[in-house]
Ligand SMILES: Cc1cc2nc3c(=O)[nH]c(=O)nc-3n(C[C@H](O)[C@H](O)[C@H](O)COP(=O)(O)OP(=O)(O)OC[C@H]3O[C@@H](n4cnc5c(N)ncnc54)[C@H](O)[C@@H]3O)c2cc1C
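Just the one chain here, the form predicted alone, laid out as structure tokens.
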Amino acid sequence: MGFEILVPENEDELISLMEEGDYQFLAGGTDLFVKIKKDLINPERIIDLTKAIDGPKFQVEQNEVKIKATTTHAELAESSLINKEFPVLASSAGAVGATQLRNMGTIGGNICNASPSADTLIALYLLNADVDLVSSDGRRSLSIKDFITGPGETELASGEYVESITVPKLSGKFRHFFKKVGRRNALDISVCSMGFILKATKEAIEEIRLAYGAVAPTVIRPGAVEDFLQGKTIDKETISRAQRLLKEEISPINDIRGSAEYRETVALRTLEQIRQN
């Protein structure tokens, strides 16, 4: 089936085109054209967002940074601002696919694709990011965890698009960590991914946030593990107890990339990175 590609010049044109219905968005196209080729979707109209979502990729406010939805993974990974403020986001963006995919794929597309193995989602969950949405009815924002509701499922309504992602700045000095485990280092989807941001003294953990990908229907923040680690000394016994809690919070599956048992083993072992980093 053929399709028409439309390129609105501004927000008003974009909203007008969305009102006509039956469309798919195009930003980088790294997921969209694969779905079309596999006959998973057959859109009549494709709306290219690159001109309508215009302006600087990063907007710095006193307590937050706004990232345009059309920002590519390469731009995130190479940005001095992102590397300074949110190293975990730069690291996760740099782990996406290969160079060609990072140069084309966008953060907005990664969010809307809503894959439980999406690399940048680990960082966005850790950073308590908000997704900024626009429609003819106005603007609204949802937390990333509320926006993504399941594998490939989001709260994006018809006639609405993702304009930007708002990331609150962190207060204090945190250690940032991201790890992706796959069958190879590039051009692969993770079997398990994990990240954390950590503020700690020699005596105890002051604050920790954990996120896991590919071990549940969505990226998860294992709250019971975070709560347990708060105020604890980072030693072998603490990590062992945290691993037992994590086992109860994840629900990995078997697929062509790995077994549920292997995913669980990897997830539990990655907790040891808290001691090593």
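For clarity, every value in this text was computed on a predicted model and none was experimentally measured. The first residue of the sequence shown is number 1, and the count goes up from there.
Another form, the form predicted in complex with this ligand, is not on view; read the next lines as being about it.
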Close approach of Ala52 to this ligand in the predicted bound form, 4.5 Å, heavy atom
no
query = If you check in the predicted bound form, is Asn10 within 4.5 Å of this ligand, heavy atoms only?
reply = no
Are any of the heavy atoms in Tyr125 no more than 4.5 Å from a heavy atom of this ligand in the predicted bound form?
no
(request) May I ask you to state whether Tyr161 is within 4.5 Å of this ligand in the predicted bound form, using heavy atom distances? (result) yes
The listed residue (Ala95, Ala74, Leu198, Leu170) that reaches within 4.5 Å of this ligand in the predicted bound form by any heavy atom is Ala95
For this ligand in the predicted bound form, the stretch among 239 to 247, 57 to 65, 26 to 34, 204 to 212 with residues bearing a heavy atom within 4.5 Å is 26 to 34
Residues in 88 to 125 that come within 4.5 Å of this ligand in the predicted bound form by at least one heavy atom, in order, are Ala95, Val96, Gly97, Leu101, Met104, Gly105, Thr106, Gly108, Gly109, Asn110, Cys112, Asn113, Ser117, Ala118, Asp119
